[in-house]
Every structure is written in C-alpha cells, then in structure tokens.
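Only one chain comes next, encoded as structure tokens, the form predicted on its own.
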Amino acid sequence: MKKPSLRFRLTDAFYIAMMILPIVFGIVLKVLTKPATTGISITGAGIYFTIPMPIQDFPVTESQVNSVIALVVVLFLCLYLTHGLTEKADLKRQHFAEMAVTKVDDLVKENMGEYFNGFTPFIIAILALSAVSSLLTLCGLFPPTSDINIVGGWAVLVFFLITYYKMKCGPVNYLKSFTQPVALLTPINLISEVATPVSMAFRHYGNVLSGTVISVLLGSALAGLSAKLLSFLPGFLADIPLFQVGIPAVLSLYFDLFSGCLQAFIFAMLTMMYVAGAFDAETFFKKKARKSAKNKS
C-alpha cells in the first residue's frame, strides 16, 4: 500500500475531529447550563431554552441536542470508514466496514428473506444511531435513548413500515388480517397493532434508563460505604472515596457499554421481525403473478 497523501490524512483528521467536536460541544453546553446539585440527582432531559409558539411553547432539551450530536457522529463515522475505499481493501477500517455490512446483510437475509435485501442500510442506521445515542452517557451526556419521546419516534417510524408492508397486498387483505384466525379476535388484534410500537418504545427506553438510574444509585451507595468504613481515619483520609475507584467503571461496562449495544441490537431485531412478519409474501407474489398474467393476455 502506498503512503497516504497529505490531503488524504487531512481529510481523515477532519472526519475524526467532526466526530469528537460535537461531543465536546455537548459536554461544554451541559457544564455551562446545568445547575449545581448535591447528593443523588436523577432527572430527565434538561431544557436548554424554549421557543415561543402560538399554541404551545417548544422546549429544546438535552434529548434533542444530543440526538443531533449522535447523528453528526454517525455521519462522520460513516464518512471516515468509507474514505479511501479500494478494490483490494488496503485499509483496516475498510475491512471493518465490509465486515459490519456483511454481518448485517446476512442478518437481514436470515430474518427477513431475500425480498428485503435493501433493508441493510436502514438496519445499520438503527444499530449505529441507537448504540451511539446510548453510549453518549460514557461522556457524561444525557443519552437520548433514555427519553421516551425519542425512542417513541423511532417506534412510530417502524409502525409505519409495518403498516406499509401489510398494505402491499391491498387494503382489503390488510383489513382481513385483523379477523385472523377468527373474527372474534378482531378487538385483540386491533389492540395488538397499537401495542407493537408502544412495547418497542418502552422496552428500549426502560432498559437504557434503568441502567443509568442503577449506575447513579450504586455510585452513591459506594460513596456512603466508603465514608462509613473510613470514618475512623483522621483528616482527609476519611474523605477518600475508596470504593468509588474502579468499581463504578466495571459496572459501567455492563450498564452503559454492553447494555446500550445490546438494546440497539434488540431494537433492530424487533424491527426486522415485525416488518418481515407483516409482509404476506405468498399472497403478494400470487397477486403479482395474476396481475402479470392478466397484462399479458
């Protein structure tokens, strides 16, 4: 592999900087606007400012700002991974990008079928955005996935996709699906239709939020344990947060890192299962074949 040119390295540096600077901006904004607190503080997304509107004022919160930060980070991460692509894959990042796309593509084919081959970019976007949003908590930022409004919006988008693929077989077939397997279950099927996005949103939101809350409570409990056990020591030695060294970091590996990535994977899997399950492939292709035969005749 030939040595990268100066322009190539500068472009790489720009992409890396654009992944870091939005996070730095979010940290600085939070430090400058967050009021001082003492003890345990578990709150929702803070409100930075409010835009006056005719009917109701529009608050700009940490969730919205951090969602934009996550989008920018994912955008420039993709630009960085795809910069300098070659046929022989000389760069290590190209190997990583190709491996990620291949794995997700196989996942889509396995869970959704050949008809949904074009879904790979959408599923990768869900995985990346959800994971980055959850991992922002490692930088001290409020994770957007801890806000029901954010994940609720994602779930509504998935619900529209589910409805779209159910309608692919025609509106009559869509309405008939509510009477399956028997018409007596129609009310339950209607409730189930609405419950799908609600369950997706609350599952993702609840798991990420609970991890954040547990991390804060454990950190506070460890601080109290340190103060209790070291209270007999003189002077500043009694104030050493002994049990807060290392232990919260280990717990963070699960609650923040592993759990955040796991919930992103679960949300993507549920999206694939619900969308693929909503599409009646047999009826669709039969209808398409009849239409094709009719046009030929």
Partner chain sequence: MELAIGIILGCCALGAGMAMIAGIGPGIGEGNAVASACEAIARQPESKGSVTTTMLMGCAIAETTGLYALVIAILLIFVAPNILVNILTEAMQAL
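Not measured: the values here are computed from a predicted model. Residue numbers count along the first chain shown, from 1.
Although not depicted, the form predicted in complex with the partner chain is the subject of the following passage.
J.: Determine whether any heavy atom of Thr186 comes within 4.5 Å of a heavy atom of the partner chain in the predicted complex, and answer yes or no.
T.: Thr186: no contact with the partner chain in the predicted complex.
J.: Although the partner isn't part of this model, could you tell me whether Ser199 comes within 4.5 Å of the partner chain in the predicted complex, counting any heavy atom of the residue?
T.: Judged by the heavy-atom cut-off of 4.5 Å, Ser199 is in contact with the partner chain in the predicted complex.
J.: Quick check on Tyr205: any heavy atom within 4.5 Å of the partner chain in the predicted complex?
T.: Yes, Tyr205 is a contact residue.
J.: Does at least one non-hydrogen atom of Phe265 fall within 4.5 angstroms of the partner chain in the predicted complex?
T.: Yes, Phe265 lies within 4.5 Å of the partner chain in the predicted complex.
J.: Of the listed stretches (98 to 106, 208 to 216, 76 to 84, 170 to 178), which one has a non-hydrogen atom within 4.5 Å of the partner chain in the predicted complex?
T.: That would be 208 to 216.
J.: Taking the partner chain in the predicted complex as the reference, which of Leu251, Leu257, Leu270, Ile27 has a non-hydrogen atom within 4.5 Å?
T.: That would be Leu270.
J.: What are the residues of 69 to 87, in order along the chain, with a heavy atom within 4.5 Å of the partner chain in the predicted complex?
T.: Going through 69 to 87 in order - heavy atoms within 4.5 Å of the partner chain in the predicted complex - there are no hits.
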